[in-house]
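The chain below stands alone and is given as structure tokens, in the form predicted alone.
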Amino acid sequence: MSTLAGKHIVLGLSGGIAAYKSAELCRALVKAGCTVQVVMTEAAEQFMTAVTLQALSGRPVYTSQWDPREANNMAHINLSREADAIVVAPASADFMSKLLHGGADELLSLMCLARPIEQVPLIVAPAMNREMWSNPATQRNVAQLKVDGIHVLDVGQGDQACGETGDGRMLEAEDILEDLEGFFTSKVLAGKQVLVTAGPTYEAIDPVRGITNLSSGKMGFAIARAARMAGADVTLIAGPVSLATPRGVKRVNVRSARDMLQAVLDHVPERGVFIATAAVADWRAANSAEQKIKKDGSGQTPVLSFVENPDILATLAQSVAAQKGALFCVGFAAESHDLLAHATAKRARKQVPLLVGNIGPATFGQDDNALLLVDAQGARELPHASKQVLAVQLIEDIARRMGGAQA
């Protein structure tokens, strides 16, 4: 389940062409398990109808502070008291200025001003022309809003409705959803550095052929995302996969096992966590051909010899930082059978405190998985669930272990 499940979100729309994205955001919030109450300014109604948002949220939309549906005629009080958060998306330059100065001449700004500050966070997603965004007045307003405790999300960059290109676009719905999930996630790894490897490696035989495996990288990317949501500074070393980089995560792309080892050594934290989810090829061709190896019709097959690749996990587990307890190493084992026996043996061999096992053929390329956590005391199963849910559970488990080690 999403960390947003069960939350009640008041979704506010101020005027702006980006209001069309708010329809998708509303839909995504409902899908994540939220109840959504939409509040629109008069300007927002010029870009998106209340009927659309009512259909997507399943609740009547509020547009006026004089709404007669409220028995006490205090919608600004009632709506704000029920919310786990107020999210204004889009937040125009004018609306952010209004927030800064305590303006309250319509329902949305009045509700934001009347909210219990300590109980109901206010999150705004700016949306405007690039010149409006970069204007010193807007930047001063954004800086002061943050000082005032209002959470101002980033803006996107790209083509704008006016025909110009630059910063100022409202983030896409999935980006805002990810930021909101992170907002409500307990920051159990705050201040920690986390290094994650993900995906397969590719070991060239010749310019067009190589040794690889079916790892999609989805589990590693989910872990990187979960660690970032938990407050960590995350670096992701990714093999050749076609996955979007999680928001706020630094990504380094590599190809071979030796490339991955070098990238890991370049980015390993002196203190923190190393999570080796990558399915690193055990062997590589002893000699990679410079030109494509072609068949000649003789029926004779080429003779290939292999050498063992470096063991990235063992290298880090045996490092000075790990031996001193400053680096907490977590390994992964993708097996085809006898998971507990192989994972237990691998944990002992790699000398890591935690080894996470799964059945590779059952999960490669899939969006779900089941994990077996193996440590010196035994094993514990994380039952079948989405990889993102499992990633959150694993990060929470790692944080508990690190807390116990530091106690």
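Note that the structure is predicted; figures quoted are calculated from it, not measured. When you see a residue number, it is the position in the sequence shown, counting from 1.
There is also a form predicted in complex with a small molecule; it is not shown, and the following applies to it.
Is it the case that residue 302, even though its partner is missing from this view, gets within 4.5 Å of the small molecule in the predicted bound form, heavy atoms only?
No, residue 302 sits far enough from the small molecule in the predicted bound form that none of its heavy atoms falls within 4.5 Å.
Residue 200, heavy atom within 4.5 angstroms of the small molecule in the predicted bound form
Contact check for residue 200: no, nothing within 4.5 Å of the small molecule in the predicted bound form.
Closest heavy atom of residue 149 to the small molecule in the predicted bound form, within 4.5 Å or not?
Although the small molecule is absent here, residue 149 would stay clear of it in the predicted bound form, with no heavy atoms inside 4.5 Å.
Using heavy atoms and a 4.5 Å limit, would one call residue 331 a contact residue for the small molecule in the predicted bound form?
Although the small molecule is absent here, residue 331 would touch it in the predicted bound form, with heavy atoms inside 4.5 Å.
Partner-contacting position among 59, 69, 380, 349 - heavy atom within 4.5 Å of the small molecule in the predicted bound form
Checking each option against the small molecule in the predicted bound form, the one that comes within 4.5 Å is 349.
Going by heavy atom distances of 4.5 angstroms or less, which of 85, 112, 254, 313 would be at the interface with the small molecule in the predicted bound form?
Partner contact (heavy atom, 4.5 Å) among the options: 313.
With the partner removed from view, which of 239-247, 207-215, 269-277, 224-232 is the stretch that lies within 4.5 Å of the small molecule in the predicted bound form, judged by heavy atom distances?
Selected stretch: 269-277.
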